[in-house]
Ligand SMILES: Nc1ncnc2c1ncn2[C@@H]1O[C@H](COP(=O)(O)OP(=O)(O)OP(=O)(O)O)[C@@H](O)[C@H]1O
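Quick setup: one chain, the form predicted on its own, written in C-alpha cells, and binding and motion questions come after.
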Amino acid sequence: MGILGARGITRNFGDYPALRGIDLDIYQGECVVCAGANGSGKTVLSRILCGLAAPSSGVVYFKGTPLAECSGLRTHIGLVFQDPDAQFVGETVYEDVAFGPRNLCFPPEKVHSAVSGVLKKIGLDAKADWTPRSLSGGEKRRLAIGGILAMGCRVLFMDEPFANLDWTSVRMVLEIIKTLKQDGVTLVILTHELEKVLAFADRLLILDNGLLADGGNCEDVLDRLTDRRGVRDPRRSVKTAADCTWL
C-alpha cells in the first residue's frame, strides 16, 4: 500500500453514485495526474482522499492507518481548491500563510520560520504585505499552495490548478509543481488540461462515470483512450507525454 490507499470507495448523492468502488494507491514522492470529463468524480474523490469528506462506503488509509483514526491530518495532507479565493483568510499574504501554522498552535518562532521559508519558495516574499486579492491569478494559486505547505504538508492535491489562468500564470504554477516534485512532495493533480502538466506525471489516472477506468504509465494510458471517456489526447500537438508542458 502507498502513502495513501483507497479500498472500495463509493460516494452516493441520493440515488446518484458519484464514485463506484474505487481502489487506488498513491506512493510517496510521486506525481499523479487524474483526468476525466466533468462529473466523472475527480473532485469528490480528492476531497475524500484528503479527509474533507466521508465516503458512503470503503476506507482510505494514510501510511496504513485508516484516515478517520489519523491525528494531525492537516499537517500531512492538503487540498488546493479550484478557486483559490475560497481559501484566503488573512488580510495580507504573510497573514494568510501564517493562519494554518497558528491554528495548529505552532510556537511564534516556528510560525515565522515556516512562513518566511514558504514565501521564498513560492516567490511571494517581496509581496508579503500585499492583500491576497491584489495578486494575479498565478500568484493566488501559489499563495493557496503556500498556505498548505506552511503547515508541513507533504501530500498535496490540486484541483484544476490551471483553471482561468493565462499563459504567464500557468507557468508560475508549473514552476511550483516542478519545485515540489524535486523536493519529494507527493502530488495529485486533477485536471483536464493534460497538455500543460503531463510531462511531470509518474502516472495518469482516468475517471469515468465514478469508476477508475484506467491508470498507469502515461503513454500507455493515452494509447488506450476512447472518446467516450471525455479526455482529449494531448499528443495531437506534440510527440510524447514528456512533451506536455508549458514550461
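Nothing here was measured: the structure is a model prediction, and the numbers come from that model. In this text, residue numbers run from 1 along the sequence as written.
The next section is about a form of this same protein that is not shown, the form predicted in complex with the ligand.
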- [ ] Please determine, with the chain shown alone, which of 217-225, 196-204, 39-47, 61-69 has non-hydrogen atoms within 4.5 Å of the ligand in the predicted complex.
- [x] 39-47
TODO: Spell it out for me: taking the ligand in the predicted complex, does every residue among A18, Q82 and H192 have a heavy atom no farther than 4.5 Å from it?
DONE: yes
Task: E160, heavy atom within 4.5 angstroms of the ligand in the predicted complex - done: yes
